[in-house]
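Consider the single chain below, provided in structure tokens and representing the form predicted alone.
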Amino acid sequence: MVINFVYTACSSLCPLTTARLARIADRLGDRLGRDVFFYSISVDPERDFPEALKSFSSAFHDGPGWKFLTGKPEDMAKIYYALGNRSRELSGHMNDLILGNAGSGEWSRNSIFSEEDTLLLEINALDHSADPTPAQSVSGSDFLPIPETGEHLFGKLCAPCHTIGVGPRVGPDLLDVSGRRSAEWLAAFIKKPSDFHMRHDPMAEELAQDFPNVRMPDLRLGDADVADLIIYVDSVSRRVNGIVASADAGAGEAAHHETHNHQN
């Protein structure tokens, strides 16, 4: 089993960590709910009623094997203590994942920000019936430090919620986002989106209406990291647009030949 702590009013790490866990769920496939089970436990039981958790969870996962749990505050306090979450402040709750096999008595902790392959290896190591390798192969180089390039930052911080040219996920698709937002607005929003929500920025408000269950957290990125992210998204957007243009040109050429053949 994999256990983490969340609360639905969180505007910082909870949506991001839950979205990263959703990517792990996708890679587990039908093993989730059969061999592996996820439990996201609310640390705000006085406000996180089942309806609120249902709304929150539906933005990330809508299948078997993953339960979002709440209960009476006095009961939940015992659970928090037993699982090592001793913080009295919501914002200070434990962000580590708890990995366990109740049958064998094996338990460990892992960072939600671990590389996905590494986290899958940890999960598989606790499921003794599983292939110890993750769904995608892992080379020795994957365990070396990875430079914080735009691509790596996107994979770690953005990909759990966003795609580029595939369609909305937890958040909006970022294809051609630089053409839809000014450079200044985009860089400032990536750096500290909470400022935009606090002053009711119209574009931030529109995003909140379109994706009401989650808000982008403040990731505490520096200017260089933000610039690298934007360069990477722009690069992928150009690549996607080139593929689409080539496909459209090919389809048009095929239609032209088909029409020409019919006329002959």
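So that there is no doubt, residue numbering starts at 1 and follows the sequence shown. Given the structure is predicted, the values throughout are model-derived calculations rather than measurements.
Just so you know, the form predicted together with a small molecule exists too; it's not on screen, but the next bit is about it.
Contact annotation: His93 falls outside 4.5 Å of the small molecule in the model of the complex, judged by heavy atom distances. Mapping the unseen interface onto this chain, Tyr80 falls outside it, with no heavy atom inside 4.5 Å of the small molecule in the model of the complex. Not displayed here, the small molecule is kept clear of Phe113 by more than 4.5 Å at the level of heavy atoms in the model of the complex.
Interface residue remark: Trp107 is not counted as part of the site for the small molecule in the model of the complex, having no heavy atom within 4.5 Å. Here the chain stands by itself, but in the model of the complex one stretch of 118-126, 94-102, 80-88, 152-160, 152-160, has heavy atoms within 4.5 Å of the small molecule. For the marked spot (Ile24, Leu28 and Gly33), a heavy atom within 4.5 Å of the small molecule in the model of the complex is absent from each of the three residues.
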